[in-house]
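To begin, one chain is listed below as structure tokens, in the form predicted alone.
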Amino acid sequence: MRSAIIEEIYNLMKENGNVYFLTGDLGYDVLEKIEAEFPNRFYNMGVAEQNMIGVASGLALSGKKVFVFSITPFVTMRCYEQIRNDVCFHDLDITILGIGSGLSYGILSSTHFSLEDIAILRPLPNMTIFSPVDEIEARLGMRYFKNHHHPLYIRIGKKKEEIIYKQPYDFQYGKGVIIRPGKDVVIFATGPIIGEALSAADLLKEKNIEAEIINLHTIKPLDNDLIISESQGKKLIITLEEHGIIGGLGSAVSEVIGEYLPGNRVMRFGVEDKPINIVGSQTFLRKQFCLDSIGIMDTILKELKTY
């Protein structure tokens, strides 16, 4: 996914001399082509993310379209004040590329986990949050957003994510996608972890439970209409994300359900609200937090027994 997004930016920089790229001393093996061909529009800002956002803001205020690139916790939390005051309050044409969403950097411990980014960016005015599921959707989104001239955060995995879409589809800004229909439960999910949702749906089908899987690739703005229409008549409404249980997709969907379908419970899958003191691969960590297909299936089955 990361390489696909960088390739789309490279193509945009070829056709538009007004596009600039800033990196926080990251991106080796993926940014060399941009650096070599556009040396006057590529800046390695070093490990100084607050300054990077400040420089990006200055460029954007002078009419440039700017991309900034770093590991998610560093490019969101470390420079949150600059994103809030400089980028969002002034509605600037800056795209924040957060690499290593969720538990992607699992072996580097909690300092590199990306479990609060949606929660802190979602309340900011003018901010759009795009969380693609795979390389194909990432490319479709990038082609749409090249004409988007407002603050944008793209939540990117690391590399070699599972391909969910076999071919391009009609990507629509702010509109979710029904990946698999189902009449019993509905799972609203975002990002690469949708692969686990699809596997869980296969396991649930063996138990005669049909799970509908919906990809909410745009977390802000959220597709309220789809959430409302597809939640009605379901035994259970579920959210799934590789993010903290508080403030992310689950909270966003719960707000919609609470306002328009009061009385319906939302079951949220995410990382529990406590410090994480274990490390390991993304696959290992998903299993620890019941975010793998088996954990998802088992938890849903237990909950359905109470109905």
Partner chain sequence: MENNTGLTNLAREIREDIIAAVVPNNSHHIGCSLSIVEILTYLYFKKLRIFPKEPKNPERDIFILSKGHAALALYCILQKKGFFKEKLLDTYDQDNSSFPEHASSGVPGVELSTGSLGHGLPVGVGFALSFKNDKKNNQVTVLMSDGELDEGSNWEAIMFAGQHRLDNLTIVIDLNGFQGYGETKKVIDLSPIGKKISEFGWNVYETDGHNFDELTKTFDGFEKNNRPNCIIAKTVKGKGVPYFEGKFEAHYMKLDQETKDKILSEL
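Computed from a predicted model, the values in this text were never measured in an experiment. Positions refer to the first chain, counted from 1.
There is another form of the same protein, the form predicted together with the partner chain; it is not shown, and what comes next is about it.
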{"query": "Interface membership of Glu81, the partner chain in the predicted bound form, 4.5 Å heavy atom rule", "finding": "yes"}
{"query": "Ser57, heavy atom within 4.5 angstroms of the partner chain in the predicted bound form", "finding": "yes"}
{"query": "In the predicted bound form, Met45 touching the partner chain (heavy atom, 4.5 Å)", "finding": "yes"}
{"query": "Any non-hydrogen atom of Leu26 within 4.5 angstroms of the partner chain in the predicted bound form", "finding": "no"}
{"query": "Contacting member of Ile246, Met267, Leu61, Ile276, with respect to the partner chain in the predicted bound form [4.5 Å, heavy atom]", "finding": "Leu61"}
{"query": "Interface residue in the predicted bound form among Asn85, Ser199, Gln232, Ser109, criterion: non-hydrogen atom within 4.5 angstroms of the partner chain", "finding": "Asn85"}
{"query": "Answer range among 255 to 263, 45 to 53, 28 to 36, 276 to 284 for contact with the partner chain, defined in the predicted bound form as heavy atoms within 4.5 Å", "finding": "45 to 53"}
{"query": "The partner chain in the predicted bound form: contacted by all of Phe130, Gln167 and Lys220, heavy atom 4.5 Å", "finding": "no"}
{"query": "Stretch 5 to 40: residues contacting the partner chain in the predicted bound form, 4.5 Å heavy atom cut-off", "finding": "Tyr20, Asn40"}
